[in-house]
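Structure 1 and structure 2, given next as structure tokens, are two forms of the same protein chain, each shown alone.
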Structure 1
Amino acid sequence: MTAVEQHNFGLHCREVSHWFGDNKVLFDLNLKVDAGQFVALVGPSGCGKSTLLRAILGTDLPQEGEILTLQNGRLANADRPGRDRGIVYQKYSLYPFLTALDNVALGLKLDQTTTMFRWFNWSGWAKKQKEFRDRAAVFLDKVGLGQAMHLYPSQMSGGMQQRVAIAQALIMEPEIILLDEPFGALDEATREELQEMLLQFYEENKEAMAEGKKPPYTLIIVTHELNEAIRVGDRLVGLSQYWDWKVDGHQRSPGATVVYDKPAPVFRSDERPDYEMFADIRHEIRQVVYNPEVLQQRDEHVNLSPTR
């Protein structure tokens, strides 16, 4: 891989298929994500969105195909979890006995030190611990929790806890961050605040690219909220089991695949979107991705090489 290709690379899923016994979940899925893109992944329940995220994460490998990520500067198969991929779930993965600061610093602690080091090199561990906490404080400030770093999860609202979870992923500086319904349990006002936070990250990407640098954030966000997908993503990807699989000679549905892949409008973090303007996009996605009565050819609404 050339330096330019490495600079632009985010993720590549090639001919990915997955099933559980007779349950066909994913079929011949192809998805290429460039560095800096914010991909909003939508689709009907049971279409394999979370299965795809687990495959990318390396915890549930696909039965067929391969998923390529950038690991230590080299292209590699995502056949196991690695720090090049981070994930944020809907349920906050925080330790109740640790403050926000130590929850965020925990990843660096486990990645860069051992139990033996912490037990038998006290001075070295004290230095490392301060380094990790200082780094965690930077990322808590980035997600708007600079004044709450010493709070425990029980002292924080749901939105605050999810900000901590996002900081946990960011501090490891992964090549790609996966978000699986991250705001699904939050009220509308809090969801919008966190959407604005993601848009601020996107603005940092644009600043980095303007300076010729690799953008720091590449996201795939799974959401059931189409307004959220349109607002946060710069690219909309729809997975669906509703496509004309008979054209390919199948006797029954072989699973969900990408049936929709188009650019999305880009918003500033301080820009209040007019959701009525999203109506045409929402209608098209509902027809192509969610409607079992509309079975189009799977590449009819797909662009595998968007120029965003």
Structure 2
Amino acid sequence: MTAVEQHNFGLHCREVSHWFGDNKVLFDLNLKVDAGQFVALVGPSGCGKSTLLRAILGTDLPQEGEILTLQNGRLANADRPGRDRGIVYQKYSLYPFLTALDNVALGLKLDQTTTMFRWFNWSGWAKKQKEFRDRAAVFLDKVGLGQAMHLYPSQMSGGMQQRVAIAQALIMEPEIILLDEPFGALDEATREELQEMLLQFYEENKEAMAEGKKPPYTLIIVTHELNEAIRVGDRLVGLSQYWDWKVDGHQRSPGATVVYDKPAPVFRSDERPDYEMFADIRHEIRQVVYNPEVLQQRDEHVNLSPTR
């Protein structure tokens, strides 16, 4: 792998298939994510979005195919959860026994110091801890929680908790961050605030790229809201079991695969999109991804040409 390729690499799922007994879930799924991309993943309920994320995370390995990430500068199989991939859940998003600040600083601590160091080099650890907390504090400020640093998760609202959870994952700058319906339990107004927050990080990506650096944040966000997908993602990926598998000679549905993959409009974080303008995108996705009646070739709406 050349340095240029490394610079752009985010994630590569190759020919991934997965099933639970008779239940075929994922079929021959290919997905390549570039560094800096915000991929919005949509699909009918039960099509296997969470299954795919768990496969990428390495907790539920795919039956076939491979999932590659950059681990310590080398391409490697994502066969167990590791520091190169971050995760934001909808539930269990934070450690209840840590304050917001320590939740965000936790990754720095686990990644950059060892147990031996913390237990036996007290003064060194005290200094490091302060440094980590300072960095976490800056990050929390950035996500608008400067005032809430010393609260425990149980003392925070759902929206605040998700902000902290996102900060906790992002501060590590992993190769890719997986978000499984992170705003699913939040009300509309809070959702929008959090979407804006994510877009601020997208802007940091653009700045980094303008300076020729590797963009720090790459993510896949699963959502049920098409408008959210359009707003947050710079790329829309539709996963669906509704495609014309009969032409491939299958007797029954072999599972869901990528049936839609196109660039999405990009917005500034302070810009509230006029969703009216995207009725045709939504319509297309509803037909191609969600409609069991509409069965098309699976690559008909997959635009693999470079997105930028």
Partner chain sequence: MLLLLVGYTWVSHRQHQVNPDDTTIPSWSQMYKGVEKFIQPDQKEERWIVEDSIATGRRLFFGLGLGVVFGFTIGMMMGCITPIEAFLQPPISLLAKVPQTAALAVYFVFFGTGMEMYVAMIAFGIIPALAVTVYLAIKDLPSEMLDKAYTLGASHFEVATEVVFKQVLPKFIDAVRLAIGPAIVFLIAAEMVVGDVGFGYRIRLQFKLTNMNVVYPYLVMLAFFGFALDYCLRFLQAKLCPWYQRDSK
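Here, residue number means position along structure 1's sequence, counting from 1. Since the model is a prediction, treat every value here as computed from it, not as a measurement. Between two forms, the rigid core is defined as the largest C-alpha subset superposing within 1.5 Å.
Identity of the form predicted on its own, given as 1 or 2: Comparing the pair, one sees that structure 1 is the form predicted on its own and the remaining one is not.
Per-residue C-alpha change between structure 1 and structure 2, H224, threshold 2 Å, rigid core fit: Shift at H224: below 2 Å after core fit.
Core fit, then E188 C-alpha moves 2 Å or more between structure 1 and structure 2: Shift at E188: below 2 Å after core fit.
Rigid-core frame, C-alpha of L199, shift of 2 angstroms or more between structure 1 and structure 2: It does not reach a 2 Å shift.
Rigid core superposed, the C-alpha shift at K109 between structure 1 and structure 2 in Å: K109 C-alpha displacement between structure 1 and structure 2, core-aligned: 3.5 Å.
Shift in Å of the R118 Cα between structure 1 and structure 2 [rigid core superposition]: Comparing the two forms, R118 shifts 4.2 Å at C-alpha.
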